[in-house]
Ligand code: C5P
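For reference, the chain that follows is the form predicted alone, supplied as C-alpha coordinates.
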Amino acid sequence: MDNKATIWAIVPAAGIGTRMQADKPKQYLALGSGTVLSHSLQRLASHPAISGIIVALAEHDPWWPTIEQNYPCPIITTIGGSTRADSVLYGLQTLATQTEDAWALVHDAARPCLRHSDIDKMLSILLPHPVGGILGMPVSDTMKRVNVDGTIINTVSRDGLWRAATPQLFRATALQQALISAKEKGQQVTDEASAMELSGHQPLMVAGHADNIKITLPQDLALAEHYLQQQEKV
(Lines give C-alpha, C1' and ligand atoms only; values in the text may rest on other atoms or scores of the structure.)
Protein backbone atom coordinates (compact mmCIF):
# COMPACT_ATOMS: atom_id res chain seq x y z
CA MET A 1 0.00 0.00 0.00
CA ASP A 2 1.17 3.52 -0.77
CA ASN A 3 1.34 5.02 2.69
CA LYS A 4 1.79 8.48 1.19
CA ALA A 5 -1.50 8.40 -0.72
CA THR A 6 -4.08 11.01 0.27
CA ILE A 7 -7.56 9.51 0.29
CA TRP A 8 -10.81 11.41 0.64
CA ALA A 9 -14.25 9.82 0.60
CA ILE A 10 -17.04 11.32 -1.47
CA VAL A 11 -20.61 10.44 -0.53
CA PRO A 12 -23.38 11.42 -2.98
CA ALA A 13 -26.41 11.96 -0.73
CA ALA A 14 -28.69 14.22 -2.75
CA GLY A 15 -31.12 11.48 -3.84
CA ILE A 16 -34.67 11.08 -2.61
CA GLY A 17 -35.06 7.28 -2.79
CA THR A 18 -38.66 7.10 -4.00
CA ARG A 19 -38.81 3.29 -3.84
CA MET A 20 -38.66 3.42 -0.05
CA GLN A 21 -42.09 5.13 0.02
CA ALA A 22 -41.02 7.03 3.13
CA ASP A 23 -41.52 10.59 4.35
CA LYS A 24 -37.82 11.39 3.96
CA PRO A 25 -34.90 10.27 1.79
CA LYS A 26 -33.71 6.76 2.59
CA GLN A 27 -30.31 7.93 3.84
CA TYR A 28 -32.06 9.68 6.73
CA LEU A 29 -34.21 6.76 7.83
CA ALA A 30 -33.59 5.34 11.31
CA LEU A 31 -31.20 2.41 11.50
CA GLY A 32 -30.27 1.03 14.90
CA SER A 33 -28.93 3.83 17.08
CA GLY A 34 -28.54 6.26 14.17
CA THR A 35 -29.56 6.74 10.58
CA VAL A 36 -28.52 5.02 7.37
CA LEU A 37 -26.26 7.95 6.48
CA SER A 38 -24.70 8.31 9.91
CA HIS A 39 -23.68 4.64 9.86
CA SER A 40 -22.20 5.02 6.37
CA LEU A 41 -20.25 8.11 7.41
CA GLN A 42 -19.00 6.48 10.59
CA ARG A 43 -17.67 3.48 8.67
CA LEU A 44 -15.69 5.82 6.42
CA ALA A 45 -14.61 8.41 8.99
CA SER A 46 -13.28 5.80 11.42
CA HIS A 47 -10.95 4.25 8.85
CA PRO A 48 -7.43 5.55 9.52
CA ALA A 49 -6.52 5.92 5.82
CA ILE A 50 -9.33 8.37 5.06
CA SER A 51 -8.33 12.02 5.49
CA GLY A 52 -11.80 13.52 5.12
CA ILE A 53 -15.26 13.13 3.64
CA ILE A 54 -17.21 15.30 1.23
CA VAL A 55 -20.98 14.83 1.31
CA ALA A 56 -23.04 16.08 -1.63
CA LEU A 57 -26.48 17.11 -0.36
CA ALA A 58 -29.69 18.24 -1.98
CA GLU A 59 -30.12 22.00 -1.93
CA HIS A 60 -31.95 23.16 1.21
CA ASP A 61 -31.67 19.67 2.72
CA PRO A 62 -33.62 19.97 6.01
CA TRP A 63 -32.42 16.65 7.47
CA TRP A 64 -28.64 17.07 7.37
CA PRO A 65 -28.55 19.27 10.52
CA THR A 66 -30.07 16.36 12.46
CA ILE A 67 -27.14 14.07 11.61
CA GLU A 68 -24.50 13.51 14.27
CA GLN A 69 -21.51 15.72 13.42
CA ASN A 70 -18.89 14.22 15.74
CA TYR A 71 -16.67 12.17 13.42
CA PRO A 72 -12.96 11.31 13.58
CA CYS A 73 -12.15 13.19 10.35
CA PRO A 74 -13.32 16.43 8.70
CA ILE A 75 -16.65 16.34 6.89
CA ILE A 76 -17.36 18.99 4.26
CA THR A 77 -20.71 19.43 2.53
CA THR A 78 -21.45 20.64 -0.97
CA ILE A 79 -24.59 20.92 -3.06
CA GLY A 80 -25.28 17.84 -5.15
CA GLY A 81 -26.93 17.52 -8.53
CA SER A 82 -29.96 15.89 -10.08
CA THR A 83 -27.96 12.74 -10.88
CA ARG A 84 -25.44 10.68 -8.97
CA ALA A 85 -22.76 11.57 -11.54
CA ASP A 86 -23.36 15.28 -11.03
CA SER A 87 -23.21 14.92 -7.25
CA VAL A 88 -19.92 13.07 -7.45
CA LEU A 89 -18.57 15.66 -9.89
CA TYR A 90 -19.48 18.52 -7.55
CA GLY A 91 -17.87 16.59 -4.72
CA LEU A 92 -14.68 16.23 -6.74
CA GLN A 93 -14.67 19.94 -7.52
CA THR A 94 -14.93 20.65 -3.80
CA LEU A 95 -12.15 18.15 -3.10
CA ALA A 96 -9.87 20.01 -5.52
CA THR A 97 -10.09 23.05 -3.22
CA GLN A 98 -8.86 20.97 -0.28
CA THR A 99 -5.95 18.94 -1.64
CA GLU A 100 -4.06 17.97 -4.77
CA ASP A 101 -3.24 14.49 -6.12
CA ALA A 102 -5.82 12.79 -3.93
CA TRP A 103 -7.59 9.51 -4.45
CA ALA A 104 -11.39 9.69 -4.34
CA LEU A 105 -13.16 6.84 -2.54
CA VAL A 106 -16.78 7.21 -3.66
CA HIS A 107 -19.32 5.42 -1.47
CA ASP A 108 -23.11 5.20 -1.56
CA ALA A 109 -24.88 6.98 1.29
CA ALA A 110 -27.20 3.98 1.54
CA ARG A 111 -24.50 1.32 2.12
CA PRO A 112 -24.13 1.44 5.91
CA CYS A 113 -22.59 -2.01 6.39
CA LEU A 114 -19.22 -1.44 4.71
CA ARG A 115 -16.43 -3.35 6.44
CA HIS A 116 -13.04 -1.82 7.18
CA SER A 117 -11.48 -5.04 5.93
CA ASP A 118 -13.00 -4.40 2.50
CA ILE A 119 -11.55 -0.88 2.45
CA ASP A 120 -8.16 -2.33 3.47
CA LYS A 121 -8.35 -4.87 0.65
CA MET A 122 -9.26 -2.20 -1.91
CA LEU A 123 -6.40 0.06 -0.87
CA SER A 124 -3.80 -2.70 -0.93
CA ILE A 125 -4.84 -3.82 -4.43
CA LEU A 126 -5.80 -0.53 -6.06
CA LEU A 127 -3.34 2.11 -4.83
CA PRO A 128 -0.49 0.53 -6.86
CA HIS A 129 -2.79 0.22 -9.91
CA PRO A 130 -2.60 2.81 -12.71
CA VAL A 131 -6.40 3.24 -12.87
CA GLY A 132 -8.14 2.09 -9.70
CA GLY A 133 -11.26 0.00 -9.34
CA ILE A 134 -14.36 -0.92 -7.44
CA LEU A 135 -15.75 -3.27 -4.83
CA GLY A 136 -18.21 -5.90 -6.04
CA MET A 137 -19.49 -9.44 -5.76
CA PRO A 138 -19.65 -12.20 -8.38
CA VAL A 139 -23.14 -13.06 -9.59
CA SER A 140 -24.34 -16.36 -8.16
CA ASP A 141 -27.96 -16.38 -9.33
CA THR A 142 -29.15 -17.65 -12.68
CA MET A 143 -29.52 -14.63 -14.95
CA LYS A 144 -32.49 -14.18 -17.33
CA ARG A 145 -33.14 -11.60 -20.03
CA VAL A 146 -36.83 -10.70 -20.40
CA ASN A 147 -38.90 -8.47 -22.67
CA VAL A 148 -41.22 -5.65 -21.62
CA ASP A 149 -44.10 -7.96 -20.69
CA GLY A 150 -41.92 -10.20 -18.53
CA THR A 151 -41.52 -13.07 -20.98
CA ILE A 152 -38.12 -14.75 -20.70
CA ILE A 153 -36.08 -14.34 -23.85
CA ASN A 154 -33.04 -16.35 -22.83
CA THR A 155 -30.74 -17.37 -20.01
CA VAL A 156 -27.61 -15.25 -19.74
CA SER A 157 -24.32 -16.86 -18.79
CA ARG A 158 -23.16 -15.57 -15.42
CA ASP A 159 -19.53 -16.33 -16.20
CA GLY A 160 -17.58 -13.15 -15.58
CA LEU A 161 -20.63 -11.23 -14.33
CA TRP A 162 -20.25 -9.21 -11.13
CA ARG A 163 -22.55 -6.93 -9.17
CA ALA A 164 -20.94 -3.52 -8.91
CA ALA A 165 -20.97 -1.99 -5.45
CA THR A 166 -19.13 0.80 -3.66
CA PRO A 167 -16.67 2.09 -2.63
CA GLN A 168 -15.15 2.91 -5.99
CA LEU A 169 -11.59 4.22 -5.85
CA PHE A 170 -9.95 6.39 -8.51
CA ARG A 171 -7.52 9.26 -8.71
CA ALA A 172 -9.65 12.34 -8.20
CA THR A 173 -8.35 14.26 -11.21
CA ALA A 174 -8.82 11.36 -13.63
CA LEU A 175 -12.32 10.65 -12.33
CA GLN A 176 -13.30 14.32 -12.59
CA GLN A 177 -12.09 14.44 -16.19
CA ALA A 178 -13.98 11.23 -17.02
CA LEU A 179 -17.24 12.53 -15.54
CA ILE A 180 -16.91 15.87 -17.34
CA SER A 181 -16.22 14.08 -20.63
CA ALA A 182 -19.26 11.81 -20.25
CA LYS A 183 -21.45 14.80 -19.37
CA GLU A 184 -20.27 16.78 -22.40
CA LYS A 185 -20.92 13.82 -24.70
CA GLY A 186 -24.35 13.10 -23.21
CA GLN A 187 -23.25 9.65 -22.04
CA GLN A 188 -25.21 8.25 -19.12
CA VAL A 189 -23.08 6.82 -16.32
CA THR A 190 -24.54 4.96 -13.37
CA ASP A 191 -21.31 4.60 -11.43
CA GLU A 192 -17.80 5.99 -11.42
CA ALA A 193 -16.29 2.93 -13.10
CA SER A 194 -18.55 3.34 -16.13
CA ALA A 195 -17.31 6.92 -16.56
CA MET A 196 -13.72 5.70 -16.42
CA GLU A 197 -14.52 2.93 -18.90
CA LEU A 198 -16.02 5.43 -21.35
CA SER A 199 -12.75 7.37 -21.14
CA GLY A 200 -10.81 4.27 -22.19
CA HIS A 201 -9.64 3.07 -18.79
CA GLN A 202 -9.91 -0.49 -17.45
CA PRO A 203 -10.66 -0.50 -13.71
CA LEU A 204 -10.16 -3.54 -11.52
CA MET A 205 -12.89 -5.45 -9.69
CA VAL A 206 -12.16 -6.28 -6.06
CA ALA A 207 -14.25 -8.93 -4.31
CA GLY A 208 -16.08 -7.66 -1.24
CA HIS A 209 -18.46 -9.06 1.37
CA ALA A 210 -22.07 -9.73 0.43
CA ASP A 211 -23.35 -7.89 3.53
CA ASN A 212 -22.32 -4.55 1.97
CA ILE A 213 -25.91 -4.09 0.81
CA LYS A 214 -27.48 -0.97 -0.65
CA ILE A 215 -30.71 0.01 1.06
CA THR A 216 -33.30 0.40 -1.68
CA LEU A 217 -36.53 -1.20 -0.43
CA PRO A 218 -38.22 -1.02 3.00
CA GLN A 219 -37.25 -4.60 3.90
CA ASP A 220 -33.58 -3.76 3.40
CA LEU A 221 -33.54 -1.77 6.65
CA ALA A 222 -34.16 -4.85 8.80
CA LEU A 223 -31.52 -6.79 6.89
CA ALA A 224 -28.98 -3.99 7.32
CA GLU A 225 -29.68 -3.83 11.06
CA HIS A 226 -29.15 -7.60 11.27
CA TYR A 227 -25.82 -7.31 9.44
CA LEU A 228 -24.65 -4.47 11.67
CA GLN A 229 -25.45 -6.53 14.75
CA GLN A 230 -23.62 -9.55 13.35
CA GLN A 231 -20.55 -7.46 12.48
CA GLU A 232 -20.35 -6.21 16.06
CA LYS A 233 -19.95 -9.82 17.22
CA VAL A 234 -16.98 -10.53 14.97
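Since the model is a prediction, treat every value here as computed from it, not as a measurement. Residue positions are given as counts along the sequence shown, with the first one as 1.
Omitted from view is the form predicted in complex with cytidine-5'-monophosphate (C5P), to which the following refers.
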item	value
The unique member of 155, 97, 140, 82 whose heavy atoms fall within 4.5 Å of cytidine-5'-monophosphate (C5P) in the predicted complex	82
Region of this chain that lies against cytidine-5'-monophosphate (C5P) in the predicted complex, out of 45 to 53, 65 to 73, 180 to 188, 26 to 34 [heavy atom, 4.5 Å]	26 to 34
Heavy atom of residue 13 within 4.5 Å of cytidine-5'-monophosphate (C5P) in the predicted complex	yes
Residue 109, heavy atom within 4.5 angstroms of cytidine-5'-monophosphate (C5P) in the predicted complex	yes
Partner contacts in the predicted complex for 206 to 229 (non-hydrogen atom within 4.5 angstroms of cytidine-5'-monophosphate (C5P))	214
